[in-house]
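Below, in structure tokens: the form predicted on its own, a single chain.
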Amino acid sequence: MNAKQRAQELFERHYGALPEGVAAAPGRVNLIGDHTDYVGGFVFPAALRLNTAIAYRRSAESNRVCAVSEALADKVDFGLRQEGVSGWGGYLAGIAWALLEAGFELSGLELAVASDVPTASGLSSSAALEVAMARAWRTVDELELDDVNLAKLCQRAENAYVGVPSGILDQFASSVPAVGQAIILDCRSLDYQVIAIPADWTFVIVDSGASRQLAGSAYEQRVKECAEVARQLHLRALRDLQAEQLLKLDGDLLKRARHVYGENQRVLEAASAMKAADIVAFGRLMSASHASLRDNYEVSSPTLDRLVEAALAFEGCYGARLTGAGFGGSTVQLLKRGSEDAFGAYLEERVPSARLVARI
């Protein structure tokens, strides 16, 4: 059964009734362009065929939310205006907070959650949960909220309520999905373009087996370092960095700035390569991105590096890189379509802890 079916079944089993509906949102893989969204730069994500689903109905208690999850034993119960909800329920409560702050009126809900998106794997399971929750309220309460503004409110919930200083990448890719296609997004203007992935390309996503956690991690430190570079150089954001300004930096701040500057350029070049169906160029940019994330941004790990090295040794792998924030999680590889099974068998033999979880 898929996530929507499992969410409905869980709802019926737990509440003894049918839900009013099921809302869902996909996880995402970022093909290239990591740690550029929170500086207003460019990113290049694609939605996965893996969803988080929430079965819902209005609650008899108009100001409360009750939720159960197939994957987690703890039941969530909170007031619509309750502060400080922790754990996975904090993502749901954060959406309520952001929608109420934006002036929307909300109904209390009973919820059941099921997901195909692996958690702590860099595939945006938290954003998929947030967007699915916002979509449920949008339907129930007939909210006038388009997909872009829904993504912005979900990002606000994660930043201000959950406490993760993320950019718009994850929520946007989940809210404005184009399954089987990629999106190049300007994270400052939110202008975006959908680009068809060439029919003979396939991106394979592999879970390294090393989980990651953003809140309280070095992720927040990287955000602060980027802000400090912008402050020192009198920039609106690090996205505005010019090459010659790198000469004014040194140490860790120089390395962080080198990554951001180079990564923004790589995203734009990758978009051109995909439009031209130049698989060699696109793969080379992916591998260069991983090297920069490893050496300049220092967010890779020995496990991720071994996985990328093994992938690139496979004949027919054009590029490989960590995807998402790093510190563990997943990698994405570019192959010619038809070689996925051979690649999976090859990788299973060389990196037993890795698991192929999705393909585009």
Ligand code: GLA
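For every residue, the number given is its place in the sequence shown, counted from 1. Treat the numbers as computed from the prediction; the structure is a model and nothing was measured.
Below, we refer to the form predicted in complex with this ligand, which is not included among the displayed structures.
Proximity of S166 to this ligand in the predicted complex falls within the 4.5 Å heavy atom cutoff. At least one heavy atom of Y38 is located within 4.5 Å of this ligand in the predicted complex. Remark: A325 counts among the residues lining this ligand in the predicted complex, judged by a heavy atom distance of 4.5 Å or less. Within this chain, Y261 is remote from the site of this ligand in the predicted complex, having no heavy atom within 4.5 Å. Contact annotation: of the candidates G33, G329, P26, G319, the single residue with a non-hydrogen atom within 4.5 angstroms of this ligand in the predicted complex is G33.
With the partner omitted here, the residue from W88, F78, Y219, Y192 that has a non-hydrogen atom within 4.5 angstroms of this ligand in the predicted complex is Y219. Exactly one of the stretches 280-288, 140-148, 227-235, 168-176 approaches this ligand in the predicted complex with heavy atoms within 4.5 Å, and it is 168-176.
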